[in-house]
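Quick setup: one chain, the form predicted alone, written in structure tokens, and binding and motion questions come after.
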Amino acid sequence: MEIKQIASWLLALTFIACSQLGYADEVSSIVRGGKLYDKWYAVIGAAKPDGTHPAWPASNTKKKGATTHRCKSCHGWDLMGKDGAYASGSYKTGISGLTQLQGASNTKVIAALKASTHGYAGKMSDEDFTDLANFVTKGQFDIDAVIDRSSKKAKNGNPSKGESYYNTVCMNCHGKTGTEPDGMPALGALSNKNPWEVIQKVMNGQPDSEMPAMRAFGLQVSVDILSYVQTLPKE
């Protein structure tokens, strides 16, 4: 049995077990919402947005076009906006984060998405809006508890366990040293430069790809994977 098949089988078993507690549907919705937060138009198969988003601050001239239509570009991989990793750098916008919406109502989030500032009314389905809102209101976690902001290193991760998870689930696509597929930055480099992006993708998967989402196995598994990939070669 191929590694991809094993990973899919394990995920399926987890969701079957979780469904007995009424949990699986919510987790899968949050996972899909995380991918929508990353790059919604790739998830739903929509055309790449034209032009720069009208709400993108004129003060930021380093980013333009479709990338400015991604939720993560304004609010950050850590969902902390101007108070997090995007307080500086090429994605600096001065836009607030979304951490205050953890535990809020989906209605509030969906209304904001459809309002004129975001302008997504008619661009996504009701299911899309629900999944994205579930990610924002139910899918957040204390990211500073698992990533040290100054060193960018994973906190309380177990690299040995992470290596086992990586070799079982990730290696078939990313290679033994994390340098595959072609055209993607080496995981050792990316995970040390932007660990917030990596842990979100480990938790929720990569939009428009077969990358498995590890959220169903709990946050610690993703932290262990991050701690391991930070030891991989940077080139």
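Predicted model only: the values in this text are computed from it and were never measured. Numbers for residues come from their place in the sequence shown, where the first is 1.
Absent from the display: the form predicted together with a small molecule. The rest refers to it.
*Asks:* Under a 4.5 Å heavy atom criterion, is I147 part of the interface with the small molecule in the predicted complex?
*Replies:* No - in the predicted complex, heavy atoms of I147 and the small molecule never come within 4.5 Å of each other.
*Asks:* Even though the partner isn't displayed, in the predicted complex is A112 close enough to the small molecule, meaning a heavy atom within 4.5 Å?
*Replies:* A112 belongs to the contact set for the small molecule.
*Asks:* Is the gap between I143 and the small molecule in the predicted complex 4.5 Å or less for some heavy atom pair?
*Replies:* Close contact is absent here: in the predicted complex, I143 is far from the small molecule, nothing within 4.5 Å, heavy atoms only.
*Asks:* If you check in the predicted complex, is S160 within 4.5 Å of the small molecule, heavy atoms only?
*Replies:* No, S160 is distant from the partner.
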